[in-house]
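The data below hold one chain only, encoded as structure tokens and taken in the form predicted on its own.
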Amino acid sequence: MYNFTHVNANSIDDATAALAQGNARAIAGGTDLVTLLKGMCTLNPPEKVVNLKTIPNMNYIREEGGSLKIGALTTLTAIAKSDVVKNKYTALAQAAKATASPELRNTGTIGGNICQKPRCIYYRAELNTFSCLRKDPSGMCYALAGINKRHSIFGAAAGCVDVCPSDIAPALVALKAKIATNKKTWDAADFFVVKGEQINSLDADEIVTEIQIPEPASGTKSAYVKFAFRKSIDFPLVSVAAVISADDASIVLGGVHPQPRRASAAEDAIKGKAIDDASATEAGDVATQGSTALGENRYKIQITKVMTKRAILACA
């Protein structure tokens, strides 16, 4: 493992000040960062790791001011088990429950899940075997002509065809959430980007502090469905978050692009219609408009259609 200095932060200001001093990374549950450090996967390992779990009052789920507010250090288990999340923000509860294993959900936080590093086998190769362009702008995306069974069916973002590995991300985008940091409040739809080794827009001294989700309109239903080779622990090969009301629909795909991807054609196809097998099939069939398979991942196109249909039917 890389050598580093470990620092316990006592406040948000304390954490951001430590992150601003040299090459540092934040750690919460550690379920992602520890494996990255053990694998020695990066060209730019942190010299300092800043522990956020010592910051008080960042672990909560509460309704306030017409929205659901979730502290960044809230565990995925707490979110999956929360009655208010299950009843009003179902897609988020299902996404949290679908993440990893019970042991990892007990430790992993919602902030960490949306700040994890890429999962591409070339990025994660131990001892930095492949210096891909996520680590080095002069590098290349080895997956384009290599092993790409798990990669994007909607092209590249910033030259990379890896996919956003977060189960939580599509649910937050579909629920029109906002992500608050120590610097600003992001719309979830703008938060997830390809930015070097990150899957989000955060600056080096910026940390997620709170998730804010507007209360859905009366009668709104939501669902999150996921396809993976293994039901336990595995990252999504295809996932779909759907939020549907009487006159609106938000459908977001995960596991198929470097960012959560809105299925706008599927939204238009189901919006204002009664949800039944025929309408859900129609929406699923158009969810992959604009897709282009790589050498090994054409199967994802059909799975995306089916999973979109299932997510919509779950909102009936």
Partner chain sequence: MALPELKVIGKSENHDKVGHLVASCKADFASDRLPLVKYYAASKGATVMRGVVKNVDASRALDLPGVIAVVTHEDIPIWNEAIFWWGQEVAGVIAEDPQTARYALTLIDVEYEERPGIYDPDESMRDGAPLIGVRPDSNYAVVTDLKRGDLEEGMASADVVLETNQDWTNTFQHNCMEAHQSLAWWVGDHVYCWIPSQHVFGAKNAIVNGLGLPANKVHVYTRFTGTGHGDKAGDIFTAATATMSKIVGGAPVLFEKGRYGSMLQHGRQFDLKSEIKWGANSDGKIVAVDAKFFGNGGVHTWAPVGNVHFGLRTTYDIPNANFQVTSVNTNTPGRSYWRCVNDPPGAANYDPALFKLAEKLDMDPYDVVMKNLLPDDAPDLDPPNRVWGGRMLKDMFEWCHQASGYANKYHKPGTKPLDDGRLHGIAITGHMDSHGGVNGAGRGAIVTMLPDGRCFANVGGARGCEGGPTICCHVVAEALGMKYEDVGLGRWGDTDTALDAGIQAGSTFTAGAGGAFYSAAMDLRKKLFEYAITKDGFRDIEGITPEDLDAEDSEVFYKGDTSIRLTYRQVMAGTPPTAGSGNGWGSTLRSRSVGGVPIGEPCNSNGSACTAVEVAVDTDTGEVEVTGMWNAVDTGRTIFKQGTDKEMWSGIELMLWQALLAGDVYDPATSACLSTQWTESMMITPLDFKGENFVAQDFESDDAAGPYGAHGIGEPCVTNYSAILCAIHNATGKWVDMNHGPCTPDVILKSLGKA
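Positions refer to the first chain, counted from 1. What you see is a predicted model, and the numbers here were worked out from it, not measured in a lab.
What follows is about the form predicted in complex with its partner chain, which we do not show.
Under a 4.5 angstroms non-hydrogen atom cutoff, its partner chain in the predicted complex has residue 233 among its neighbouring residues.
Remark: residue 227 counts among the residues lining its partner chain in the predicted complex, judged by a heavy atom distance of 4.5 Å or less.
Not displayed here, its partner chain is kept clear of residue 80 by more than 4.5 Å at the level of heavy atoms in the predicted complex. Although the partner is absent here, residue 134 sits far enough away that none of its heavy atoms falls within 4.5 Å of its partner chain in the predicted complex. Against its partner chain in the predicted complex, the set 89, 160 and 294 makes no contact: no member has a heavy atom within 4.5 Å. Note on contacts: among 275, 40, 286, 33, the single residue with a heavy atom within 4.5 Å of its partner chain in the predicted complex is 40.
Checking 221, 176, 117, 124 for any heavy atom within 4.5 Å of its partner chain in the predicted complex turns up a single hit: 124.
Here the chain stands by itself, but in the predicted complex one stretch of 200 to 208, 148 to 156, 71 to 79, 164 to 172, 148 to 156, has heavy atoms within 4.5 Å of its partner chain. Within 4.5 angstroms of its partner chain in the predicted complex, the stretch 288 to 306 places a non-hydrogen atom from each of 298, 299, 302, 303, 306, taken in sequence order.
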